[in-house]
Structures are given as C-alpha cells and as structure tokens.
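One chain follows as structure tokens, the form predicted on its own.
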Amino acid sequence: MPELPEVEHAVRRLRGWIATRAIVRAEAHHKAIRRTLTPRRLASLQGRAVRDVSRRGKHQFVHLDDARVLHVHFRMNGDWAWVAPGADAPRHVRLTLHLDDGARVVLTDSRALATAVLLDDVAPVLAELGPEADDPALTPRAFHAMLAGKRTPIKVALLDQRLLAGVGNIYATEGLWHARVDPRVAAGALTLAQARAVLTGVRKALGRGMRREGRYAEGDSHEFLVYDREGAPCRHRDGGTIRRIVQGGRSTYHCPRCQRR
C-alpha cells in the first residue's frame, strides 16, 4: 500500500503535470469510481483550472478554481500516470483527466480500490487525521500522551491514521525496528523514552522512504531493513533473525533479539 512517502512523490509528479492546466474532459472507467463521480459531477469538471495539488497523510487533494477539491486516495496500489498526446494509456485506468495541452493524466489501479470524490469542503477529511510524524509540534512528550491508555499493540496503534497520518504497515514496522521496540507491546505501556524512540524511528523510516523516488516493487525486500525479510539476519548485526507475525490481519516483521519486550 502506498504510504506517506509514495503518496508525496505521486503528488509532486501530479502537481508538475496538472497545476495551472485546465481540465477539458473527465472520464470514469470503473463502476467504483462512477459511484462517486457521476456523469453530472464529471461534466462539472469541464473547463475547470487546477490551482494546486496537496497532500495530507495518504490523502490527495486537487484544488480547482471554483474552490472545490477532487479528493483521491490510492488505497492498495493506485497511482498516477501521464499520457502524451496520441499515446496509448497504461492498463487498469480508472479515471482520465483530459488536459488543455492535449495530454491526459490517468488514475491507474489494478485492484480497483482507489477512490475519487468531489468535495466542497475538505475539513471533514482533515478532522479524521492525526498529525504527521514530522510535525514540529509533535514532541515526544505529546506523542507519549497520545498513546496513554491504549491497550492495542504499538504496531497496530501506529496504523491508526488518527494517531499519525500517513504511516502504514511498512513504515510502522521499519520505525519500530529503528526504535528497538517490540511491536507487541501495548501502546499505553511505553515509557516516555520508548515513545521518543518510536517517534524518532518512524521519522527515520519515513525519511528513508522520501529519499527513494517512486515505488518499491513487489518482493523488493532489499529496500527495507526489516519489512518482508522473514528469515534474514537482522541488520543490527546482533545475530538475530527476522521473524514474521500477524497483527490485525497484517504482517509484522521484527527481530526478537533486539526488539525485546
């Protein structure tokens, strides 16, 4: 699933392709997209200029000149692609925005889980999101207070977008490895020092993701320090072996030797 770094890179590409351009026509190619972008709503995009593209957590916002916003979420594996005039579109196109320069920007998604909806106000979406990990106002003490009373394992808690917006399975796993914190420990049981280590670890993991352009490919376990490396030696060089457990229906990878309870 694309998480904050992957979505941020996608937003930067999209902004370069579409900002200041006008939408000539919009097409929805899948029934899931047509549920929210009805023919009437698609028609209302005609002639609208794009003012900006922004991101909050994993959510993307295409700001139009009439103050409305096209809210897009990739879900499992959505992505944007730019198609030159006259060129063939890629596979699994779910939404097409025809631009005034003859090019097209398309939302691709092989699993058809990505969502797109026109909003008059993004406030309700933003209200459901917690701070991002790199928010200067998010101090270790504030983060520790956010975890207080939570009985869920810290790895599961980190997936809650109301806690940290943009963190998903990969970067939660990587962050806990950096912090040397066992993913099964109850979030509310962490000490202030451990909470500080987790916040620092998540920031490190997200920073590594931001330095890598584009997406990782399926099976690219060498891109990560612990995620998807079951049975491999721990890169803390302490002789540990990476193990895989399941938490909340998601795979968690950890080193039981350096991530002790």
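From a predicted model like this one, the values you see are computed outputs, not experimental measurements. We number the residues from 1 along the sequence you see.
Another form exists, predicted together with the DNA; not displayed. Remarks below refer to it.
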| Heavy atom to heavy atom, is A112 within 4.5 Å of the DNA in the predicted complex? | yes
| message | When the contact criterion is heavy atoms within 4.5 Å, does R229 count as touching the DNA in the predicted complex? | response | no
| Any chance R211 has a heavy atom within 4.5 Å of the DNA in the predicted complex? | no
| query | Taking heavy atoms only, is H92 within 4.5 angstroms of the DNA in the predicted complex? | reply | yes
| said: Going by heavy atom distances of 4.5 angstroms or less, which of A127, M76, A84, A148 would be at the interface with the DNA in the predicted complex? | reply: M76
| field | Options 116-124, 148-156, 131-139, 175-183; stretch whose heavy atom lies within 4.5 Å of the DNA in the predicted complex | value | 148-156
| request: Could you list the residues in 16-31 that come within 4.5 Å of the DNA in the predicted complex, counting only heavy atoms and keeping sequence order? | output: H30, K31
